[in-house]
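Okay, here we've got a single chain as structure tokens, the form predicted alone, with questions on binding and movement later.
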Amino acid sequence: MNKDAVYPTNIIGAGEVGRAISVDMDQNAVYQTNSFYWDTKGNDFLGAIVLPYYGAYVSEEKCQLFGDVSGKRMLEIGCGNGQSLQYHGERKASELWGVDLSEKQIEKAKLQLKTCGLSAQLLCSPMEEECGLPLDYFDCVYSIYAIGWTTDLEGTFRRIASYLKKDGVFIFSWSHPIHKCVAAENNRLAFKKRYFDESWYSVSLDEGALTLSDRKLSTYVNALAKSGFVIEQMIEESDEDIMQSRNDNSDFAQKAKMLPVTFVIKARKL
């Protein structure tokens, strides 16, 4: 991408929210920028995507990727406000663990779980870095709309594999990369960005900014394979029942009927 390129973008799973400017990736700068935003305005502006939803118009109630979690040790990468951990705690998971880049999100998760009478081991750390999590320990590691924030995808997947027992399951969701390239314009969908462009960009938002990279779907698949995972299932269809139940006729809903806006992958550690 041209270093000075400016184009409209979607941040997590809705319509266009800002103008993206290509930037060089500096890991520490990305940590500082993104953690500050989630410490301050993250939930107010972007909201929170939590189980049973994997993202826009995709639900665990329909997909049933986790199955019975009773008695299982669960780790969430990017645990946010703790509601997805709560979801598994209420389904009798034996242990709840969570990692998040933002101190504020960790505080929210602690309060959320305490209010529900649940306990969890919560750590504030970038997902890419060593943070003291036990190895070969978890039955399931999952990430709901968080894995795309990583600055090192292969390194993160290798760490996740190290946390899992043999045959352990890794489930994650993120904004579908094709969705990030297409914008609604005059009642039509138009490409605004090359699908193959994985360069890093910054978006200025309300009282802050975020830094991201839009990776190709093949990048996620190949990184999983290199990290010792085999893919068992992938979901990218929007759920028509959810759209109908919400009576959603927004531009975003119309877009979701034509192309995938969320993808979910279930993989198993070999």
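One-based numbering along the sequence shown. All of these numbers come straight from a predicted model, not from anything done at the bench.
Although not depicted, the form predicted in complex with a small molecule is the subject of the following passage.
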| query | finding |
| --- | --- |
| A56, heavy atom within 4.5 angstroms of the small molecule in the predicted complex | no |
| Close approach of Q105 to the small molecule in the predicted complex, 4.5 Å, heavy atom | yes |
| Contact label in the predicted complex: L212 to the small molecule, heavy atom within 4.5 Å | no |
| Contact test in the predicted complex: G80 vs the small molecule, heavy atoms, 4.5 Å | yes |
| Region of this chain that lies against the small molecule in the predicted complex, out of 181-189, 160-168, 145-153, 90-98 [heavy atom, 4.5 Å] | 145-153 |
| Contact residue in the predicted complex, chosen from A120, C140, A109, M127 - any heavy atom within 4.5 Å of the small molecule | M127 |
| In the predicted complex, the residue from A223, I235, A48, V203 that sits within 4.5 Å of the small molecule by heavy atoms | A48 |
